[in-house]
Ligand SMILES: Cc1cc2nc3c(=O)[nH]c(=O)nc-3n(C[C@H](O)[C@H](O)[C@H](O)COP(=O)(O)OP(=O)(O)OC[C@H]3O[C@@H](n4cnc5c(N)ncnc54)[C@H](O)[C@@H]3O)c2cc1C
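The form predicted on its own is given below as one chain in structure tokens.
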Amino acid sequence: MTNDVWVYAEHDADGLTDLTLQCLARGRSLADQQGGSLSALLLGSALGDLPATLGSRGADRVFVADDERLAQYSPMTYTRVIGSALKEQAAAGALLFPASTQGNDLAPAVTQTLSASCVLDCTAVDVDGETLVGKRLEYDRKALAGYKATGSALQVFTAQDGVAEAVSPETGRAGETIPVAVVLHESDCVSKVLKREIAQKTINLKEARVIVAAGAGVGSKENFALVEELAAVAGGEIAASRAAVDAGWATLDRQIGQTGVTVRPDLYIAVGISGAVQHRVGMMDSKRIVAINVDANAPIFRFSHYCIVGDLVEVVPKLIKLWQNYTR
């Protein structure tokens, strides 16, 4: 197996995504461990200084497909361009995608095009002998399973948030920029993006040291306001489970979990959250977890550091008062 590593560079209006930067850091480490090179695949239109950014963050080569037809993400066109580029380069080794909506959409399609192997949602990608192993948490995060490819020159992985710590740009470092010819067939363009609306980010839950999250068990908008008060007194951010967001108590940018944000605060207070696996994957790495729930058998109590069985309308006001007294 070759020791080269490839990374798909996902980007948005703010530049390279945080998960792309993590994949670059992990890819650089894997390539160095095996004595190989790191290449980045960058698709889009009017890409500006993104190729230089990729070079400064560890890419030896940056393959750039800059074309107006790639201005909006479309799985068929992106799959065609990525597949053609990798075939032309006879790519082998490993290909890392961010485990984002886009990355998890593209990875299986590219895998099929290249007759490769694929492991989705890896918490880690490590060197194991002469090959790589993708590691996933299975069985409600109770077991760490490793997956290796057999009979495939290229291994495709999608990497979850936390796979590596993004590194700072290295002054003076530059990768080789290689243009990619964009050849699309009529069948690749059967779908077209007519309009794209991007919700503006107003908060950054990833940076919050204290998070107070509310779930369906909160029961009402009035009770949610009580949880918001606790977050304010604690100097933290308010967050929510998907059920609370669906109920209209919180906005989507405050959702924690598999379809939301992954966080690692110093303190995570879960109010009225049952602890389903979809929510757990977004907050399991919090340093301290406090759970408040009326159900003594709620799954969240199995992995919380402190468990409070009680009605939030009685418990939360007491916590607010205690916090106020403590900070005076």
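Note that residue numbering follows the sequence shown and begins at 1. Note that the structure is predicted; figures quoted are calculated from it, not measured.
Beyond the structure shown, there is the form predicted in complex with this ligand, which is absent from this document and is the topic of what follows.
K.L.:
Identify, from the list L120, A216, V182, A124, the residue with a heavy atom within 4.5 Å of this ligand in the model of the complex.
P.N.:
Of the listed residues, the single hit is A216.
K.L.:
Could you spot which one of D295, D266, D285, D32 gets a heavy atom to within 4.5 Å of this ligand in the model of the complex?
P.N.:
Among D295, D266, D285, D32, a heavy atom within 4.5 Å of this ligand in the model of the complex occurs only for D295.
K.L.:
Please pick out the stretch from 254 to 262, 95 to 103, 229 to 237, 75 to 83 that is in contact with this ligand in the model of the complex, where contact means heavy atoms within 4.5 Å.
P.N.:
That would be stretch 254 to 262.
K.L.:
Taking 4.5 angstroms as the cut-off for heavy atoms, does V64 touch this ligand in the model of the complex?
P.N.:
Contact check for V64: no, nothing within 4.5 Å of this ligand in the model of the complex.
K.L.:
For L312, is any heavy atom within 4.5 Å of this ligand in the model of the complex, or not?
P.N.:
Output for L312 is yes: heavy atoms within 4.5 Å of this ligand.
K.L.:
Do G275 and this ligand share at least one heavy atom pair within 4.5 Å in the model of the complex?
P.N.:
Contact with this ligand, yes.
K.L.:
Report whether the minimum heavy atom distance between H279 and this ligand in the model of the complex is within 4.5 Å.
P.N.:
It does: once this ligand is placed as it appears in the model of the complex, H279 has a heavy atom within 4.5 Å of it.
K.L.:
For the stretch 227 to 254, which residues lie within 4.5 Å of this ligand in the model of the complex by non-hydrogen atom distance?
P.N.:
The stretch touches the partner through S241, R242, A243.
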